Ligand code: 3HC
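The form predicted on its own is given below as one chain in structure tokens.
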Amino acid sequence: MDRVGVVGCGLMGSGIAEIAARAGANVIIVEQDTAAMGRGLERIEKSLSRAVAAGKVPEDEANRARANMLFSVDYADLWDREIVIEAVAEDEAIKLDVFRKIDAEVKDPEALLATNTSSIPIIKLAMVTKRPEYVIGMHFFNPVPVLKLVEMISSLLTSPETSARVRAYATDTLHKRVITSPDRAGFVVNALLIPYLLSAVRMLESGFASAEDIDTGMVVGCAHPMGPLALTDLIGLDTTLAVAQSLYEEFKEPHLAPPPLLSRMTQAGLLGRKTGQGFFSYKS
């Protein structure tokens, strides 16, 4: 995979673009406008600079990665890509529109179209393309340059050859650990994680315990690296809400229904780390 496309350069897309570029690929990153491009470039630069300062990435490797990336606002620039990874907002309508555009512009009929969705059924995205057998889920985890896991999700129409190519790319080139999941809402990790996070929000909402005590209990008492509310802030309350809604829509189980507090905070723009305020404050 020498020619990689990434659509979206937010928290996830920037990380995916960075690791693909560090692996030596020519990477074209498509964003919706120049302002979003600038924010994405800033994220990547901060990540590379931190990795160099920490001694995790040599300066020459970081410079090669920078040289390997190009930004664009035109989907037509993806025409020669071997794989395009979508990493836009966790919104089904937006992702469907993006997949239609990618499918229309990528000329190689055997190019892979991957989605970083954390909950939306892969088959829904595949069916708006003319190549559903080449559409697959590649769910990375934040921060992408640090966390080694990728969930690989094949739809009912994804070909075995597509799955094999994606697994080889993720493991051999990106040096990730791959687990596979059926095409069900939430896949493996979020099907386990989201109910836990929702339980913590309900506990806070009911006044049962403070945010600090809930997180301290899980960090100090259960040796979790991060408490559930801080983790929700890291993921983003809007993303957590979207995944919960997707899970509830598919399974209709009460414990998957988003708590009102999560919905209200999302409506208020209190989305966690990316806005500086969620269950905890991140404003300097």
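Here the structure is a predicted model, which is why all the values come from computation and not from measurement. Heads up: residue numbers just count along the shown sequence, starting at 1.
From this point on, the text means the form predicted together with this ligand, which you will not see here.
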item: Interface stretch in the model of the complex with this ligand - options 254 to 262, 66 to 74, 44 to 52, 29 to 37, non-hydrogen atom within 4.5 Å; value: 44 to 52
item: This ligand in the model of the complex reached by all of Arg22, Ser118 and Pro143, non-hydrogen atom within 4.5 Å; value: yes
item: Contact residue in the model of the complex, from Ala164, Ala209, Leu147, Ile179 (heavy atom within 4.5 Å of this ligand); value: Leu147
item: Contacting member of Ala62, Ala242, Leu231, Met218, with respect to this ligand in the model of the complex [4.5 Å, heavy atom]; value: Leu231
item: 4.5 Å heavy atom contact, Ile235 to this ligand in the model of the complex; value: yes
item: Close approach of His139 to this ligand in the model of the complex, 4.5 Å, heavy atom; value: yes
item: Close approach of Thr158 to this ligand in the model of the complex, 4.5 Å, heavy atom; value: no
item: Ser154: touches this ligand in the model of the complex, heavy atom cutoff 4.5 angstroms; value: no
item: Contact set, 186 to 207 vs this ligand in the model of the complex - heavy atom within 4.5 angstroms; value: Asn190, Leu193
